[in-house]
Every structure is written in C-alpha cells, then in structure tokens.
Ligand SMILES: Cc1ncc(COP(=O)(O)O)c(C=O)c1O
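Coming up is one lone chain in structure tokens, specifically the form predicted on its own.
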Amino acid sequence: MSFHDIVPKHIQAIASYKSENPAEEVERELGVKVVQLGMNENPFGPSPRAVEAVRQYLQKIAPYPDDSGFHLRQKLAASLKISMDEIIISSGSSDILAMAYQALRSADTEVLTGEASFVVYYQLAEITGMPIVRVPMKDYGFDLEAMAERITPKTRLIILANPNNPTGTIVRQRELDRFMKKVPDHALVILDEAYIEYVNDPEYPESLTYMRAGKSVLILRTFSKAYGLAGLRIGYGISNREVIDTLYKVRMAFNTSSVAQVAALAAWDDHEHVEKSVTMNRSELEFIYRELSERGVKYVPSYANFLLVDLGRPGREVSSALLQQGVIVRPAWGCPNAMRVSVGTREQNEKFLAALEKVL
C-alpha cells in the first residue's frame, strides 16, 4: 500500500495549487527583465514607517509572538469603534477563511458563492469536502437575487468578495441590504473586503452596520494590498464575539509573527502612504483604460488594484504568451476568456501594454 492509497478520495481529486516561479527565476530562464503583475500587490511598496519599525524590532524575535495580537487588535478596535473581542488576527485573511470552513464543516453543509470569485473559496471547499454552490455572475458581479434563491437549509457559509477578485466589481449598499434580509440565521455571511481601501463609491456598503445589527457576518480585511505587507502575511477578521470565539477554537496557535504585527501597527498609522498608494492606483487605472480602449481591448472597470481584461480568447494562452515577453499576469478564475492584470507603476503598465500589443 502506498501513501496515495491512504489519502481520502476527495483530497486525491484536488489539483495542486502552485504559483509561478519567483520573478527572479523567470528572468533567469527567459533572459529578460520581468514585470510582476499577477499578484495584486502594492507596486509602491510598504509604508516606510512599517519598514523602520521592523528594522528596529529584529533584535527581539527570539520569543514567540503575542498569540492574540493584543496591541494590534487594540489599535484596530479603537479605530473601528468596536470591541477587541470582535477582532481576530491571523496570517492573512485566507487563514481566517480556512478557520470558518473548519468551524462549520459537517456531513450536511454547503457553501454558497459566485462562479467567478477568489480561487481560495473553491479550494477550501475541496479540502474540507464541503459541497459548494456556484451561482452564475451577472455583469461580472454577484447576482444576489439568484444567490438568495439558492440558499437551502444546508447553507452554512455565504461568501461575497467586495470588491470581487478577479472581476473588480462591487456589491452596493441597497442590493446587499435586500440580500441580507433574506439570509436565514443558520448561514454565516463572509464579506471579504481585501481591497476595501481602493473603493471610491458612495454606495459601497458599511459592512460593520450588519454586525452591529446582530446579523451573522464575518468581515475579512488584510494588510497585504493597500498597506503593502503581502510578504509578511497578516490580516484580520471582524465579527460578533460568538463567531470570533468559535474561530479561536479551530485556529493554530502563534499563527501571526511578531514582525508582521509590528509592521501592521506602524502601517495602520501611516494614512499618507495608503492615500498615496490609492491615488496613484486610480491614476494608473485610468491610464490603462485609455490605452486598452485605443487598442480595442475590452475590460471591466475596477474598484480594486487590478482589472479584468476580456480577451475573447482563452486567457491562459494569452497569459502564457505575455510571460514569454517578460510580463506575469493571471488567467482569471471562472472567466476562461479573460485575464486578471494588477495595476503597476507607469513603467510596468507601459511594458504590459507593449507586450499585450505584440501578443494580440
């Protein structure tokens, strides 16, 4: 008997998730300078305050980290005007997603989301063996009316990315209000707001109002995007104490490094850096819109730091061809004829556009 024989069938059936080689290795293989526009990172880097805070802290990394992230939760709670007990810190918001799946998995439960959203939602369903219901998107966004109709007594998790990855679209306040009224008490709604800092729309929902109203919601946010700390892996979840207490039961201890916590504390206070990053992102988005329009390439207007490019041909083929030109982008999950492109600096965006013109 081999190891493969003792692995559960649902795990055997999972396709391994492996990201591309590091940009440095791709550069070595291709012999060209590579532009990384596939990970939705902040191309303007982290807050200088965060970098300095980490530098000064490095002599203190021998002890284990503060397991609860006390000081970071304290700062977040004061800013958001909620209790520290309504926040959980973890190594990225994906880790908190995994806790929610683990906490609610059973032999008779389902996950509900859209058919073209963050790949981790589907991966976690495969890993836990939870059936996942994928509702077709409407105009590249969540069709909340159709999703409400697919809620059953088995539904335990409902996941909405807002803005949605990879399409960049948002759910607005009025439609989310209508949807939340239809969600039964036996389902936890996860509002994944990884890109919230980039949103500039007066109708974007104030998700904390649902929590304060007693709704069963879990709000996910991260320091990986606008704050530029993706390499340190730190994010947080917001919910009522009952939900947070349950997540603590299934999380791994010491799951957030002390260095990440120190960086996040400093980054949170550097409002100027976040505002600068967001402003430059919007300017570069407009530049890419104009250039794509001039080339007759379709795209979906984005509320995040990436955009969906609708190619009318397999996105994987185009992304592979772009890689040979030294530009890393991603095929768009759930959108076979599209690719997701992160917004970079002007130099990076110009290189992407020039490579796209060659490829198309």
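Since the structure is predicted, the reported quantities are computational estimates derived from the model, not experimental observations. Start at 1 and count along the sequence shown; that's the residue number.
The next section is about a form of this same protein that is not shown, the form predicted together with the named molecule.
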Open item on the list: Within 4.5 angstroms, counting heavy atoms, which one of the listed stretches 241-249, 73-81, 223-231, 142-150 is next to the named molecule in the predicted bound form?
Closed with: 223-231
- [ ] Please check if residue 258 has a heavy atom lying within 4.5 Å of any heavy atom of the named molecule in the predicted bound form.
- [x] no
Open item on the list: in the predicted bound form, is there a heavy atom of the named molecule that lies within 4.5 Å of any heavy atom of residue 118, even though the partner is absent here?
Closed with: yes
Open item on the list: Taking the named molecule as it sits in the predicted bound form, is residue 165 in contact with it (heavy atom to heavy atom, 4.5 Å or less)?
Closed with: yes
Open item on the list: Is it the case that residue 195, even though its partner is missing from this view, gets within 4.5 Å of the named molecule in the predicted bound form, heavy atoms only?
Closed with: yes
Open item on the list: Looking at 169, 109, 123, 94 here, can you tell me which has any non-hydrogen atom within 4.5 angstroms of the named molecule in the predicted bound form?
Closed with: 94
- [ ] Note which of 161, 158, 218, 264 lies within 4.5 Å of the named molecule in the predicted bound form, where distance is taken over heavy atoms; exactly one does.
- [x] 161
